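The form predicted alone is given below as one chain in structure tokens.
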């Protein structure tokens, strides 16, 4: 396998974990979160802080998980005080505030320059061994995240989440504590996003505020919408499909001898156009949710 394919597959696995996290919130629970990238940033900046402060990498993972859990609980707390539409806007605003803080606060984590020099996972291995080992690790974590989401969504708690999504008044009347359910879902998915952020930081060896831009959130949304909302198999397929589509844009540019600007513009068109096209013509995605079926 070439280094390029290993790289794209490895990044696809990390985005697959993010897509599963968003699907658990939005797909199964109806929580329209536009600030998922902030939870990802907790993991990546946890790794950055540990590097700056001379801590071992696993301490950065623990820090990122704690920050993500607290932010997820804060998101859930906000959700108890406003409608879903306003909550979605609030999460987007909080993620943007987080990016602006890290961009302008030089003493905190390098400001706009970010933090570089983080140790790369398995960097001591020779040749393709390092890349294949990272791919195997990320694939194993993606499978673990998938199994976790499947078990949650197929459980009684998962059925309660779907009831909260479809008929929140009925769920409340039947005695379900929607605030507690929302908090549990947010913490679980926040931890998944933080793990992906931590691994991504130690994959690129760099953490910067541009990784927290809102278009990254909408990239993850496109994976969920195109793959299939409330279908765990679908969103993983959507993550791989989108990552491979974006990765091959430069080859198309070279083949057609187009200017460099074509790459960034085309990637935005693929994400935005993909979301619009599927919302209009195939709103349930490539793999629709099977109501009462055997897969979630």
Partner chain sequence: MTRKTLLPAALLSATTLLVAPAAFADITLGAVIPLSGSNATPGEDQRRGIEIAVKEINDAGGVLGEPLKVIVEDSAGKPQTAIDAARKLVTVDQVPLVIGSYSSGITLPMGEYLVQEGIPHLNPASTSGLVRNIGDSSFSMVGLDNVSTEFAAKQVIANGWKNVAVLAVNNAFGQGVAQEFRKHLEAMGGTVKTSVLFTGGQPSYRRELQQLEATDPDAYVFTAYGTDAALIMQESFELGLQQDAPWYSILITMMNKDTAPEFKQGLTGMDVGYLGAGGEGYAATYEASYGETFLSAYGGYAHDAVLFAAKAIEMAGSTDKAALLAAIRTLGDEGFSGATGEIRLDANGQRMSQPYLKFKVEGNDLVQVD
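Predicted, not measured: the structure shown is a model, and the values here were computed from it. Numbering follows the first chain given and starts at 1.
Missing here is the form predicted in complex with the partner chain; even so, the following discussion is about that form.
Proximity of residue 155 to the partner chain in the predicted bound form: non-hydrogen atoms within 4.5 Å are absent; the residue sits far from the partner. Remark: residue 53 does not count among the residues lining the partner chain in the predicted bound form, judged by a heavy atom distance of 4.5 Å or less. Contact between residue 250 and the partner chain in the predicted bound form is found at the 4.5 Å heavy atom cutoff. Though the partner is left out of this view, residue 264 does reach within 4.5 Å of the partner chain in the predicted bound form, counting heavy atoms only.
Contact with the partner chain, judged by heavy atoms within 4.5 Å in the predicted bound form, is confined among 136-144, 188-196, 155-163, 109-117 to 109-117. Taking the partner chain as positioned in the predicted bound form, the residues of 190-209 that bring a heavy atom within 4.5 Å of it are, in sequence order, 200, 203, 204, 205, 206.
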